[in-house]
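One chain comes next, on its own, written as structure tokens: the form predicted on its own.
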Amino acid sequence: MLPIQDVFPLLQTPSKVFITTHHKPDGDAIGSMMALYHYLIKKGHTVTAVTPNEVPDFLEWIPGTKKMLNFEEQQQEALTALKNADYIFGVDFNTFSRTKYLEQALTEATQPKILIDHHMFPSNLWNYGISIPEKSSTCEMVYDFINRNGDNELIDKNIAACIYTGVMTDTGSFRFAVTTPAVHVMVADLMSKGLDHARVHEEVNDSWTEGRMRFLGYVLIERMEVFKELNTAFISLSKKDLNLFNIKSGDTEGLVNYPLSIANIKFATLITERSDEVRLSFRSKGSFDVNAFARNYFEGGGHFNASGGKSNLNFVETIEKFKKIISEVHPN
């Protein structure tokens, strides 16, 4: 993978650009994709942004999402845009498999592929890029990308809102250890460019439906188990649980963080039964490495304190496997 700065001369000429992110996108995925989208349009490029599936309701307000293509619903249009693109950008994912149904098309595409990401172990299929796991978010890296190309003055309130959304959500509203001094300096710069940070917080955190709020109560009372002696708690959600509250994509966002609010809980997990597999989300505080945990036991990975994985066992078997592992690993 060649250095990201080698891309800058290529982007001096208006081109057709295709941008995508990972399946089941979160705030950092949509925020980084749309920040890059608006920036490249300002640079004179024709840009198509494609999300592998639907955008969660609480992110639909982000500037530009109405122009985004949903691959699951607009597959032919998205594939045509990919075929006609001069350059392909991937943001907030390191390997094509994380785009799910887009994987084959991206693998077969012959155009230069450019990565902006903060996950470990990027695939060797990228031609250019940058991957820094120590960064707070991919949105922070898009901010750096814009500045590195000498275009800080092109950041407007829309780009600022996109960037802030990803940084805010990936840092847990700036409470995680990845919130460096540089993050606060960046936010100050975004505010000077018209960022309405209060609105972003309201749109992301205060736009729940009544059903989602009742679902949260059900989850914490009925579906959370706490193992104080193991400094661990986990939430397990079956397809029946999700159907009971008519849960949509994004409604489970952030659930995995709630057990970490319990005193002395250092490791939290969300186990979710999906139609095709069982997914796991891991979060930790302190010195417990959930990236290694995910890679060792659940075919996953991510960051030191935030990772994900999957299980090919059924829902009940996955829960039993998880309980057995934590009794042996004993997070602390």
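All of these numbers come straight from a predicted model, not from anything done at the bench. Residue numbers run from 1 along the displayed sequence.
There is another form of the same protein, the form predicted in complex with ligand 5GP; it is not shown, and what comes next is about it.
Partner proximity in the model of the complex, defined as non-hydrogen atoms within 4.5 angstroms of ligand 5GP, places exactly one of 302-310, 43-51, 261-269, 58-66 at the interface: 302-310. Using a 4.5 angstroms threshold between heavy atoms, K135 stays clear of ligand 5GP in the model of the complex. In the model of the complex, none of the heavy atoms of S284 sits within 4.5 Å of a heavy atom of ligand 5GP.
In the model of the complex, no heavy atom of K113 sits within 4.5 Å of ligand 5GP. Contact check for H38: no non-hydrogen atom falls within 4.5 Å of ligand 5GP in the model of the complex.
In the model of the complex, not one residue of 170-191 has a heavy atom within 4.5 Å of ligand 5GP.
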